[in-house]
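For reference, the chain that follows is the form predicted alone, supplied as structure tokens.
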Amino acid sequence: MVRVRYAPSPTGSPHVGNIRTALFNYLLARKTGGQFVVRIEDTDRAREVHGALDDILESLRWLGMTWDEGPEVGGPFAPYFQSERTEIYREHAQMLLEAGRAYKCFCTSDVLDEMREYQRINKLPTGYDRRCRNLSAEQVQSNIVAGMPFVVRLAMPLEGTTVFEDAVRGKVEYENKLVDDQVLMKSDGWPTYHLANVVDDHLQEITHVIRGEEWIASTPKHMVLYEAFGWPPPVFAHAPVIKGPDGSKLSKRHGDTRCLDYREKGFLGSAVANFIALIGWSPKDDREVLSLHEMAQAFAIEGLQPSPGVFDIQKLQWMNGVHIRALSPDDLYHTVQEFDSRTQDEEYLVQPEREILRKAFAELPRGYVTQALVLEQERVKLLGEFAAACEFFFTEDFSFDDAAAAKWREKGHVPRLFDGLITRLQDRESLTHDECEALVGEVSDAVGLEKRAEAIHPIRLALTGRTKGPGLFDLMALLGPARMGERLARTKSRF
């Protein structure tokens, strides 16, 4: 059975690149009927950020990823927090020491700083010079008796090469003498990522490791550890980096913010998952818009690409609009309502239309609000845009385009057009789309208009305050005769 893991450190809220790694692992598990494990690598206690764990789990949930083992659900290989497994790592570090595959290093931080400065000045390769590697047993014991703190370092082979097969890049080879003797256990008794990661991947029976390409350089160290323990390594696949549209490293100016910030901005989790999956992976066909289930069905490690992927915020916004349009009326209502009540995005909070929308959810009939949202569904790319788009449906104090009105003030037929509509709307309780279309045609003929546009544009302006929007007859049917009559009369007074 395929077993994959997402193993974040709670040192911050996950960003796009980090959460994409989780997604690739999740898709492989669901494609193969395997297990998706979440393991929290919380051994770097000094850098741990309060609330980061909650953000990690919430990001997974928002994107639609459920985990089979890990926090909140448990599993047969618990605990899934590395801070609760420290004794396991100490035991394995001791195994390496006894086998001569690791050694105790007593170099202080000052010594290491001097070493790096010497290497810099003399333009030598940087890295630990292995000066403690050949200490005699007597010297090691003397240092311990003297109370000198130490770390445990991996004894990399000094000759030959370490070769591994990467599922994305093929054969990768490193010359052993150029690979640093990595610290495995710190002087405070906590393991580093390298030891804890390898030990847990083996003990938790992880079969495939999909991670970012920044970990390629660490993989020879991990391969040596697997060999030292006598364990078979998992399949490694290093996903490509993500770059901005200008080809530079992804940064905040390109949109590299915490994953949950996209939720605050009005993106759907389904759209973000769809978008980031396609940065460096292809389903091998022309499809761009896929659900999580469809991506899982199509996913294969072979589809991962070694070349960098590009993060294009404009493409994400387009894709989000497509996912919004796919929502059913009920899902749309609940999604917009939840966004409005939850988001703390500053740009959205200062919009006066937001309070109008919130009041609409609280006071207006659900059916009316739902239909208004549906009419704007085709034009909206972000959930936060619904407030402004639907403003005229929910209040009589909506913004009015006076510049556009100036054009129609010069047309003598507009007041007569409005009068004709107001008269015909009296005593009507409701109108269908077709009845609205027929009504506009009847009044246009009565006024003597040759082009329907000469009626449609001023009517839209009177009813909505704007020149563009949903189909006129659809919005007329939803507004109803009473609202339309009042707005036509009010706009007529402006002419």
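Residues carry their position along the shown sequence, with the first being 1. These numbers come from a predicted model, not from an experiment.
Absent from the display: the form predicted in complex with the RNA. The rest refers to it.
Residue contact check for residue 471: one or more of its heavy atoms lie within 4.5 Å of the RNA in the predicted bound form. Mapping the unseen interface onto this chain, residue 79 falls outside it, with no heavy atom inside 4.5 Å of the RNA in the predicted bound form. Under a 4.5 angstroms non-hydrogen atom cutoff, the RNA in the predicted bound form lacks residue 449 among its neighbouring residues. Taking non-hydrogen atoms only, residue 373 never approaches the RNA to within 4.5 angstroms in the predicted bound form.
Interface residue among 90, 325, 411, 416 relative to the RNA in the predicted bound form, by the heavy atom within 4.5 Å criterion: 325.
Checking 361, 229, 215, 398 for any heavy atom within 4.5 Å of the RNA in the predicted bound form turns up a single hit: 215. In short, of 345-353, 135-143, 200-208, 312-320 it is 312-320 that has heavy atoms within 4.5 Å of the RNA in the predicted bound form.
Scanning 75-112 for heavy atoms within 4.5 Å of the RNA in the predicted bound form gives 107, 108, 109, 112 in sequence order.
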